[in-house]
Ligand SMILES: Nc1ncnc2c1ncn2[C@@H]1O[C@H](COP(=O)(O)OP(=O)(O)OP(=O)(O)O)[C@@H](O)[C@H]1O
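Before any questions on binding or motion, here is one chain by itself as C-alpha cells, the form predicted on its own.
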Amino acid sequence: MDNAIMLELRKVSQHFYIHKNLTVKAVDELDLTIRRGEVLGLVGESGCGKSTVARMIAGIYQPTAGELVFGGRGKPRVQLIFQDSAAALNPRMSVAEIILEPLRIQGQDYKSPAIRRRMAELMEQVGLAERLAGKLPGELSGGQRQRAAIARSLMVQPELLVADEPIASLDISRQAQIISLMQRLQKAYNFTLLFIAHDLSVVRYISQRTGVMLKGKLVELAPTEELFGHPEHPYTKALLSAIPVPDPLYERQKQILDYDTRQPLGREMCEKRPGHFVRVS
C-alpha cells in the first residue's frame, strides 16, 4: 500500500427531506480520506450512515453539501457490491450476462473472444464453476450469487471497490469464504477496498484502518489494531465490549458497556496518537 490519497470526503453531508418538519441527516459533515491500495473498514450500527457513504462514493447519491475530491490520477473507476445479491442481480439474466453487463453498458465489445476468456478466468478466480455461466440468479446459492456480483464488479477493473455489507445475508461458513476471497482478490488486483460492515470481528480481520460511525459522523478512526487495542471513544468501547468470544465462561462474566446514543456528539476530531483520531466535545 502506498500513501497516495485516492479520495477525500470533505465535510460531506447527505440529508433526506421527508416533509417540512422532518429532515433525516443520514451523513453529516463527514471528513474521510481513503488511501490508494488500502483496505479501509467502516463500522457502526444500522442507520448510522454507512450505506449512504457507499452510495455517495459510487455516485448513486449526490451529496447535499461538501465535496468528494479525487487524487492526482483523476476520478478512479469505482464499483459497488451490495449486501443483498438476490436484489442486486437481474433475475432474468444469466450469470454470464450479469458479469458482462458493465462492459455492455459502457459500450465495449463484450462479445469478443478476449473478453469471454477474461470472464472465464474471473469466474474461476471467484470460485464459480464454468457450468454456472448459463444459470439464472434464482438457481444459485447465496454465496454463488455474491461471487457473481464480485466478478461483475471486477470485470471493469475498478481502482476502488466499495463493499456494502457483502456478507450480511450469508451464513457463517459462506461469510468466511467470501472474506478470504476478497482478501485474495485485493492482493491480486491491488484495488482499494472500502469494506462496510457491522461485524467488528470481520472488519478487524480484513482491514488495515477502521472508522467507527455514529449518527452520520465519524467518532473514531485509527489503524485497525490500534483501534481494537486502544479504543478511545466510549461508543467504540461499547461496540468492542459486545463482540462475542468463543469462551462460555468469559462470556458469562464479561461486562458489556453501555453508551447512550442520544447524547450530542463532539464537533471536532482530535488526533490522540499518530493516525488515531477521536471525536471530542
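Don't overthink the numbering: it's just position in the shown sequence, from 1. What you see is a predicted model, and the numbers here were worked out from it, not measured in a lab.
From this point on, the text means the form predicted together with the ligand, which you will not see here.
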{"item": "Non-hydrogen atom within 4.5 angstroms of the ligand in the predicted complex for each of V24, S51 and H198", "value": "yes"}
{"item": "Which of 28-36, 221-229, 42-50, 237-245 lines the interface with the ligand in the predicted complex (heavy atom within 4.5 Å)", "value": "42-50"}
{"item": "Partner contact for C270 in the predicted complex: the ligand, 4.5 angstroms, heavy atom", "value": "no"}
{"item": "Non-hydrogen atom contact L257 with the ligand in the predicted complex at 4.5 angstroms", "value": "no"}
{"item": "Proximity of E101 to the ligand in the predicted complex, heavy atoms at 4.5 Å", "value": "no"}
{"item": "Contact label in the predicted complex: F70 to the ligand, heavy atom within 4.5 Å", "value": "no"}
{"item": "Residues from 140-169 in contact with the ligand (non-hydrogen atom within 4.5 Å) in the predicted complex", "value": "E165"}
